[in-house]
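This text opens with one protein chain seen in two forms, each one given by itself as structure tokens under the names structure 1 and structure 2.
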Structure 1
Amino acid sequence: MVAITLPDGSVKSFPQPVSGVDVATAIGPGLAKAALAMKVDGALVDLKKVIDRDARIEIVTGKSPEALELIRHDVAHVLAEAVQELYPGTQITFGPATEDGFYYDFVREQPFTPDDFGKIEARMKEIIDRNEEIVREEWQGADAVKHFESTGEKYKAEWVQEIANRGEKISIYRQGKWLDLCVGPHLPSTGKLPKAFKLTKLSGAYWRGDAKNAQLQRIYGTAWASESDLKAHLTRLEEAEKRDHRRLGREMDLFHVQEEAAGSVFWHPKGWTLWRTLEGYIRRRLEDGGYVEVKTPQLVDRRLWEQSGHWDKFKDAMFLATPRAEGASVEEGDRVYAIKPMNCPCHVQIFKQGLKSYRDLPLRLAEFGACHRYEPSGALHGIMRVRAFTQDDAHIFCTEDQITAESIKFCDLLRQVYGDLGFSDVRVKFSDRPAIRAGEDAIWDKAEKALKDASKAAGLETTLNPGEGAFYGPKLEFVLRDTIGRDWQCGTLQVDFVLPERLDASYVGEDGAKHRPVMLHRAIFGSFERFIGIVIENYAGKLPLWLAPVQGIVATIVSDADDYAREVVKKARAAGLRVDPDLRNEKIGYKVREHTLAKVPLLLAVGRREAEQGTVAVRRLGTGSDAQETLALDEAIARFAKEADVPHA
């Protein structure tokens, strides 16, 4: 007998080994029809898997949390089958599910184009209509290699050979006449799949993610449990396209990037005004929080990075430099410097200058540190993913007893800052020890316990992000959800017992002996460049008045009002408003359209009547002419100056 425990705690006994199909059928025909897969003692497996022991089983249906990833993985296989049917000779490589869909990488001499998508999608729907049975098979390594070599699938053959060399089982999924190497699990048949999918874009990729290997063609798609979910997602994509910071950056004249400085940003006057406003805001918040600001070198000898452990972990991402100036000594010419990719080792050097006492702790060192990391050119994305960036970085040197209090203080500050910038939905991930790390397990046990205790004391609800801690300590990752539901990981808090030890930092305790400080690594924005991009997209360019680089335009309706417009600008600027004049000999409608495109929050129109009466006709961004109001000049300036106050200034 096999005893199967169901989620409600009830037990069903079967006289012989059973599959998930048998269990679902025994519960009821409705569940049997809806069943997609099952969980056996918590592990997700195929519905057809035979269970020959007592186990706890949960049937997975389209309403289960696990369903969407299953659907997306299966749709990826259907994509691959459709492509190979339509374009014989195309090789397949890998095709996983992603956060909102799937992709598959192909090898084909002729490039795919978006024009191919309609044809491929139609064939995918045919495959679903065929209701092809999906069956898992286990093959001998030699047989699998022989098969893929015989069908011209050299990439699959290479990968299968490596699996076979490790002595692992070769798991093959057959889908009708088509098959692929895969660990699964999968649905019982293609007919179980909804047709709520769409191919979305093309990109290049490299075999096994290595730029030294052959280039592949990647087809992306999105898949959902229903047509309504798909439609909602596509609407979100359209909205995201409207909010793309690269397009808005051009329209608002904020910044640009170009090939001659790949991964670096050229900030225009308006963009730099936005930067400086944000920097001034966070600087005041840090000063109020007891931080002291420092500045550390850009070029640092590799020996410091070796001592800290960053050289082993980040060497491939570092930009290196050696002295080549005329007259440089041989000894100096042999030295290798790294353009700093992070600030932490440099902050330890400042801490080590002079004898520190327990009375000096906590010491909070902040830096708007310019860092450089090599990102592959294909990964660069506007100002969101760059090679040169500025961190709002800080390191808190404290005692073990101060970890909780400092963590609470930081979390309170972080939530206030995010709230001021319009982000109220913040999720927190707890990232524990990675596989490759520095420090003994006992140190990691202590660091993880300290961070967990601090998180609880700070009132944070966290979800586990296993294995994603830094190499020197566990961390909290703060994820913002924007106005259209996208998540952005920005802030971090890390507890570090390792770097102070490696870099020999110490303080004199109350007992007169030397002790190691604990180092809390923390950031709120993460990087200015990326955070500004997030803010632009969150507000679709319609920034709050205090953040807008140009807060208002005084536009003349007739040239007779030019002198009055200059007076309005002068008074507004005296009140601290960032206001510019538009005295061009253009129709007011043209001016309104142009400044609306540039996302200027306030348009103050002035003509003969306004000049005579000392008023301004005010139109706000996003409102029509019927929402225009006329205000006395002094009243308007006082109102907008108050509205433009920087939070916590």
Structure 2
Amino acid sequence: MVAITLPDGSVKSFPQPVSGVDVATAIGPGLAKAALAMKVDGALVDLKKVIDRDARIEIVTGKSPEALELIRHDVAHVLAEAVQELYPGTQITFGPATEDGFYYDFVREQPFTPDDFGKIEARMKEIIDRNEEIVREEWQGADAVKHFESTGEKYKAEWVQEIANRGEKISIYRQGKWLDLCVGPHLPSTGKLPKAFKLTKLSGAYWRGDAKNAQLQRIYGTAWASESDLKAHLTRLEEAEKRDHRRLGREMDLFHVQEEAAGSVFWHPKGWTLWRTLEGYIRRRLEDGGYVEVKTPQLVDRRLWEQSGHWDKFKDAMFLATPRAEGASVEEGDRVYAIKPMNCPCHVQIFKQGLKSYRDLPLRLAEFGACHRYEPSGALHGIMRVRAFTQDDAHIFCTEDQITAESIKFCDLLRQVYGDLGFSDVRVKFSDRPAIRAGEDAIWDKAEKALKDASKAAGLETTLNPGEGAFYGPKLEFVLRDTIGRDWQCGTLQVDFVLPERLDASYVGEDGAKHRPVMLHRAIFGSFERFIGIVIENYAGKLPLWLAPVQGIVATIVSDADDYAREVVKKARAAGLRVDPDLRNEKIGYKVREHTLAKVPLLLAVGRREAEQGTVAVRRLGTGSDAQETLALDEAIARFAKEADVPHA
């Protein structure tokens, strides 16, 4: 006798062990047809799994939140089956579900091309039509290894061997003639799959994620429960493309990049205005936060980098410069400079000037430091990942006892700034001690606790990023997501006991003896380039008034209003607004369209009526002509000047 409890609380009893299929059928034929899998006491399993004890069961259908992942995983299998049917000799490796779809990694001499997609998709649909039953089997390790070796599946065999070595059972899923090693769960048959999928992209991927290993061919796809969901997803992708900072940067004439300076940004007047506005804003926040600003050299002798430890670990990513003419050899003893990849060693040099006392701590040295790193060519991305960037960097020199308070202060400041810039969902990763690290465990305990306390006190929820801390200390990473779903680390807070030691920084304590300060490395934007990119995407280019490089356009309707328009511009500028005239001989509709596309927040239209009455017709970005209002000039300017105020305490 097996008692099955259903989600509504009702209990169904069965005389003998039952599968999910039996349970669903007992409830109704509609459900039996829709059933994809089930949850037994909360665990997702195959619908065909037989239950021989009392349990709570929930039938998973296409409408269940778990369904998508199941479907995507199954579609990945169908993709692999299709590929192996179409391209014999291709080896399979892994194929999981992803955030919005799936991928499968293959091994094949000949590269796949996007032209193959149509053919593969057609075969996948065929496999779904075949309605192949999906069956789970348990194999002996040796048998599985033998099977995969005999079919030439070297990668699968390697993986199976490892599982067998651990003494675990081998779980095989078979669909039709095709089979794969997989823990499941899966749908009962391929016919249950919706055909709402699409192969999207092709890429290389290293076996086991290690660049030292062979590179596999990865085919990505997206899969949904229904055709309309698929369409909606593709539409979302198109919309996201319109928010891409690279596209908006060009359309809004903010910046460009070009071949001769790959990985460096040419800032145009409007883009640079945006930069300076942000810089002015953050500078004021830092001043309020008790920071002092410094500026340190671009070129620094390699000896300092050797001392700091960067040379050993990061010299491949450092640009070097020598003072000698081209062609001259760089000999032993000659000066070799590195263009700084970071600011910390230089800030320590400032700290070390003169004798520091405990009364000087905490000392918060801030710099908008331009750094250069030779990033791998494949890593470059718009202005988000570049080789030349400016950090809103600061190092807080403090005592161990001050770590917690300083960390809290920083998290508060960061929250304030992100709030001002319209970021509501910030993910915070807490990266704790890595396997290879410097410093005593007691110090790590202290540092980790300080960071944890600080993020909690600032009301931040963190997710653990185990073992990903820097070798010198744990870190908080503040991650923002761009419009195409990529995550970027922007803010960071790192506790460092190592650099002060290596660079011999010290202060005189209350006891009159020398002590080592602790360094907190911290950034809010991370880099101006990356952060501006994210800001642009977050606002889809429609920047709030205070950030917009061109805040308003005064557009004339007839040339009789030219003089009045000039007067409006003059007064607006006197009030600190960034306003330009548009006196061109064009219809107002043309001007409206153009400045709307350029994402100018305010359009002040002036015709004869406005000139006579001393008013402006205000049309705001994102609203239509019906929402416009006519305001007295002085009133309008006062209102907008107030609205355009840079946020501050």
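None of the values given here were measured: they were computed from a predicted structure. Think of the rigid core as the biggest set of C-alphas that the two forms share within 1.5 Å after superposition. Structure 1 provides the reference sequence; residues are numbered from 1 along it.
The form predicted in complex with the RNA is represented by structure 2; structure 1 is the other form. Core-aligned CA deviation for residue 213 between structures 1 and 2: 2 Å or greater. Core-superposed comparison between structures 1 and 2: the CA of residue 586 stays below a 2 Å shift. Of the two rigid parts of this chain, the smaller turns against the larger by 25 degrees between structures 1 and 2, per C-alpha superposition. With the core fitted, the CA of residue 433 sits 2.6 Å away from its counterpart between structures 1 and 2.
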